[in-house]
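One chain comes next, on its own, written out as structure tokens in the form predicted alone.
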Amino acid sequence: MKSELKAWVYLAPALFFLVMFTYYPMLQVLWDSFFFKAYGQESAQFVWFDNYKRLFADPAFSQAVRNNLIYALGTVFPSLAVGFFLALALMKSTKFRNFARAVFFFPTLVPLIAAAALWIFVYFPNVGLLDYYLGKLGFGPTQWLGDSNIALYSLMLLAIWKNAGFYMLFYISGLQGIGEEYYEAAELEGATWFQRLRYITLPLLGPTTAFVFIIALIHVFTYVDHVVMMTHGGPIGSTNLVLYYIFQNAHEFNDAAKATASTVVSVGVLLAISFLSIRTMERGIHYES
């Protein structure tokens, strides 16, 4: 009992801040999502699930969800793949590889709003770096952020550039935790490099991949600075993500009821995906160094 009491005493400050600044606001948003207050009205009216009905009937929300799904597929898996292969190349420590790790990790340190400002100059038509070098190859200028068909993919490229180095560090840590005896035994059996990758490295990195996958999903649902800075959800809503949709309803359209309802839905989906990923991580293959 004394040891358990000591543990709770140590945990109390963190639990206090979690309750006050995480769980209480979540419950408050959930409660507020059942109320509607018209502009200029003094008191809010309890409307049950009407806010959710209005939310799911809103074409802009459906478009934001589709955009977020495409954005997630186009950033999470490529970012994890790039981070994994960078980790394979830079796993063993040498002076050059340590320098390369710092180079690839540097975009993670750049604030997203600053990275967005930097990439505006990369994507700027005619005079931007991308159009400049593509022009040397004979390609004409492209509206990277002004064309509704490619604007979202331009944001994806920025997200991959920024996050891959961060995921690389987790994979390097996971790779360094796999014992050499597994690879030595596989080599004695005549396994090729690809077979060792498929049957040893990838399965033993299962817990690491599940954890990094959760982090990547959180980034997908919580990163909005580049949308605000670069596209404002346009053109024609092609880059309007769910978080920017919430921002618009709360601060531009003065529809706090719809904003709270969409927040509850997005947080619920994120919690469900995170829970399933953690369960997968717990059932995955674990190893000891």
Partner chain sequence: MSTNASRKRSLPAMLLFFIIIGSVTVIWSGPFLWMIIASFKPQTFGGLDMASLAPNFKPTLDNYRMALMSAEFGTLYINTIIVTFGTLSVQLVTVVLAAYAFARLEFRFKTLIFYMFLMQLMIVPPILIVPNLKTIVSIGLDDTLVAVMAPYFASAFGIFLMRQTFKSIPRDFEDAAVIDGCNWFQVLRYVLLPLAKPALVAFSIVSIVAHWNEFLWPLMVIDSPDKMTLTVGLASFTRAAEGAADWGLIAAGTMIVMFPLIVAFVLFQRQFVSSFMFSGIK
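Numbering follows the first chain given and starts at 1. Source: prediction; values computed, not measured. Definition used throughout: the rigid core is the maximal C-alpha set that superposes within 1.5 Å between two forms.
Separately, the form predicted in complex with the partner chain exists; it is not shown, and the next lines address it.
Although the partner is absent here, residue 211 sits close enough that one of its heavy atoms falls within 4.5 Å of the partner chain in the predicted complex.
When contacts are judged by a 4.5 Å heavy atom cut-off, residue 26 counts as touching the partner chain in the predicted complex. In the predicted complex, residue 184 approaches the partner chain with a heavy atom inside 4.5 Å. With a 4.5 Å cutoff on heavy atoms, residue 102 counts as touching the partner chain in the predicted complex. For the residues 73, 81, 89, 134, the 4.5 Å heavy atom test against the partner chain in the predicted complex is passed only by 89. Contacts between stretch 106-139 and the partner chain, counted in the predicted complex as any heavy atom lying within 4.5 Å, involve 106, 107, 108, 109, 110, 111, 113, 114, 117, 118, 119, 120, 121, 122, 124, 127, 128, 129, 132, 133, listed in sequence order.
Relative to the superposed core, residue 236 undergoes a Cα shift smaller than 2 Å between this form and the one not shown.
Taking the rigid core as fixed, one finds a CA shift for residue 67 smaller than 2 Å between this form and the one not shown. Shown in the overlay between this form and the one not shown, fitted on the rigid core, is a CA shift at residue 224 smaller than 2 Å.
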